[in-house]
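In structure tokens, one chain follows: the form predicted on its own.
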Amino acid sequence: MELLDFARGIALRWACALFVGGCLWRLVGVLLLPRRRDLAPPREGAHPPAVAALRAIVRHLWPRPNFAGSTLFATVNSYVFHIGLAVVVFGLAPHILFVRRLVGLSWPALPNNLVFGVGVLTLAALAAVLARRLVHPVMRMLSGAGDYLSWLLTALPVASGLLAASHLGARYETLLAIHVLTIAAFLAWFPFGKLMHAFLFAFSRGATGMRFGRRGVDS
């Protein structure tokens, strides 16, 4: 119980503080980056900047037809584990209870068996991501320690949660403490690694869309 109290208490509190503070720091840093004024007049018929940004964000949710075939597995697998993570995080009753205690928000939970099945599928998709990164020569060359750490800190909460739900490997209290500690590690690392792309992708795609849209280029 001492480990569980530590995980639920000081570890989780500090992790949440790092998550919120780190994310705000990164987002403010992006917004305060110097902007070079574009002196060229916009092309005739160019979309307004906000429309061009939104078009780019939505357009790049799926690869262009020229590349869809070669990237199909990576794209579909990415959607599987991203959607799976969302279902596990926001669909499980204990997670919803935690959010309600934290910020007062609540919503209906999904059936436990459904969330468990999605968790297994999500972990399998994450394993496929790692296998591709290790096997694909270009991905292996581009991958650094931060990429593998981000993968590990994403997979561990899912794996530990499945073990805790199954009561496998140790006492439930110990498994739950490990699960909470892996979540704390994930939250603490989130703003400082590539997991931050969950927020920053909209900024980068939007900026590209506005820049290209002003020139009449379809991004």
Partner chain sequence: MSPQALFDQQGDRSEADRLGAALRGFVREFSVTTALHVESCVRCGLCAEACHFYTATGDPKYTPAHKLEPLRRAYFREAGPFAPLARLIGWPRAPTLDELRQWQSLIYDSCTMCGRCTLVCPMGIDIAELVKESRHAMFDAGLIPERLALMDRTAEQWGSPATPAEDLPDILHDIAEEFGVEIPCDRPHAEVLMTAAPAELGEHTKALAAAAKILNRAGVDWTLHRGGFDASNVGFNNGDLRLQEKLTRALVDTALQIGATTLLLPECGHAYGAARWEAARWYGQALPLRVVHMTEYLAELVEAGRIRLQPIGETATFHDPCQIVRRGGLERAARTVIAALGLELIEMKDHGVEAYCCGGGGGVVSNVRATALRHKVFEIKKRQVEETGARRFVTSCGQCRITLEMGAQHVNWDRATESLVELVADRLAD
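Residue numbers count along the first chain shown, from 1. Predicted model, so just to flag it, every value in this text is computed and none were measured.
Omitted here: the form predicted in complex with the partner chain. The next part is about that form.
Not displayed here, the partner chain is approached by residue 139 to within 4.5 Å at the level of heavy atoms in the predicted bound form. A residue is said to contact a partner when one of its heavy atoms sits within 4.5 Å of a partner heavy atom; residue 132 meets this definition for the partner chain in the predicted bound form. In the predicted bound form, at least one heavy atom of residue 66 sits within 4.5 Å of a heavy atom of the partner chain. In the predicted bound form, no heavy atom of residue 151 sits within 4.5 Å of the partner chain. Residues within 4.5 angstroms of the partner chain in the predicted bound form, judged by any non-hydrogen atom, belong to 142-150 and to none of the other stretches in 84-92, 100-108, 142-150, 118-126. Of the residues in 190-208, those that come within 4.5 Å of the partner chain in the predicted bound form through at least one heavy atom are, in sequence order, 191, 192, 194, 197, 200, 201, 203, 204, 205, 207, 208.
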